[in-house]
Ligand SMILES: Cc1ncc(COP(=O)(O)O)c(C=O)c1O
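A lone chain, given as structure tokens: the form predicted alone.
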């Protein structure tokens, strides 16, 4: 099917408002230009691509483009496409919200329930296939395009870029990210409020130090997630009380005295849903009311398939939400490159926590990624991988429907993994059965917070990791292991 969310050209996050499609699209584009999310000179998607992405008629998009050209918001020339007019208004961030004073009291570590040892079922032979979630297809890293970007970046790099560098990170990458995140994820980003880090865990470590120094005692977390994140926060002396969840996702209405919240709002890990609008609003209202901070982990926001794009939570209130992104899922974790978009009053504290120089991220890799984004190669790569991962997902769903019809699949509208619901009491036996088939899989219980009672039985299956040649065998082994 060609008219899908996976086939869009350059990524562009738009929310249509108003009584009519054309007027709603025009107002969304005006707002994107007015606030600086679409910078002057930015080339817009073709009318065909944008129409396919939004699920509306191509003529509606063409008419909206033509009217905005007439109004002076856009320009259109033969051969160069439709672009944002050069005289567009400069970027201006949203008005700062009132910040409640920080809580007093010394930071102290809350008791942390003992970590459950991982389940290690006996394995008759070494795993030949791995379906663990969280890792992209490493064989699809765009080596040729990356080398071209690296050569261009190195040829034009100023001499000072080869020094130790500033803790902020290279301005070239921060500028490229500000434009990309505004366009593709709906993030209000200014280069001066972006700090480059060495992946998400590094960014979370910096924020844990800042929160501890600000006398925060607890960071609320989701019932299901990664123990490495909870352990990191606990190691910094921060409690990690889990929020309850239901079929609609994390219940944010119960937030109270916690000083911060760590959440995967666009695509919950590992359950896979998007945080509903009312619960997004409740979280932001809580942060505004109490002066708390929301840490948004947007770990795979680029990969959505058959639903409308869900913008970043940060767009609702950039002064209360810390946006953390990474190249680990879109490119490769081996780059060790991530970024934080910070509220203005946190920038100085994060830079102080990072140190007086750039010790962790290669300046040349930063310059290369900046060139990779500016040239359009990043958009092309993400679009190609979106199609590849969607095919994998569809093959998984089709195989299960044919060979394991009793297994319900959920969490598949976006991301790199699916949740396979199992009959009660069978999760451990299925993980063991998979290992006997030479298949490494993980049960949902592996991702449960220690303070949360055991819940439903399920597998969390990552479908991105195997190579194309190994995928068919991995899928066969998975189906043989299921009840």
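Positions refer to the first chain, counted from 1. As the structure is a computational prediction, the values presented were derived from the model and not from experiment.
The same protein also exists as the form predicted together with this ligand; that form is not shown, yet it is the one meant from here on.
Colleague: Would residue 201 show up as a contact with this ligand in the predicted bound form if we use heavy atoms at 4.5 Å?
Modeller: Yes, residue 201 is a contact residue.
Colleague: If we define contact as a non-hydrogen atom of the residue within 4.5 angstroms of the partner, is residue 361 a contact of this ligand in the predicted bound form?
Modeller: The answer is no: residue 361 has no heavy atom within 4.5 Å of this ligand.
Colleague: Any chance residue 291 has a heavy atom within 4.5 Å of this ligand in the predicted bound form?
Modeller: Outside the cut-off, so no.
Colleague: For residue 347, is any heavy atom within 4.5 Å of this ligand in the predicted bound form, or not?
Modeller: Contact with this ligand, no.
Colleague: Among 403 to 411, 292 to 300, 151 to 159, 236 to 244, which stretch sits within 4.5 Å of this ligand in the predicted bound form, heavy atoms only?
Modeller: That would be stretch 292 to 300.
Colleague: Within 4.5 Å of this ligand in the predicted bound form - does that hold for a heavy atom of every one of 428, 442 and 446?
Modeller: Looking in the predicted bound form, the three residues 428, 442 and 446 all stay beyond 4.5 Å of this ligand (heavy atoms).
Colleague: Just to be sure I understand the contacts: of 311, 134, 165, 191, which is the one whose heavy atoms reach within 4.5 angstroms of this ligand in the predicted bound form?
Modeller: Spelling it out, the residue with a heavy atom inside the cut-off is 134.
Colleague: Under a 4.5 angstroms heavy atom criterion, identify the one residue in 328, 258, 366, 82 near this ligand in the predicted bound form.
Modeller: Of the candidates 328, 258, 366, 82, 328 is the one lying within 4.5 Å of this ligand in the predicted bound form.
Colleague: Using a 4.5 Å cut-off on heavy atoms, what residues in 221 to 254 are near this ligand in the predicted bound form?
Modeller: Residues within 4.5 Å: 226, 229.
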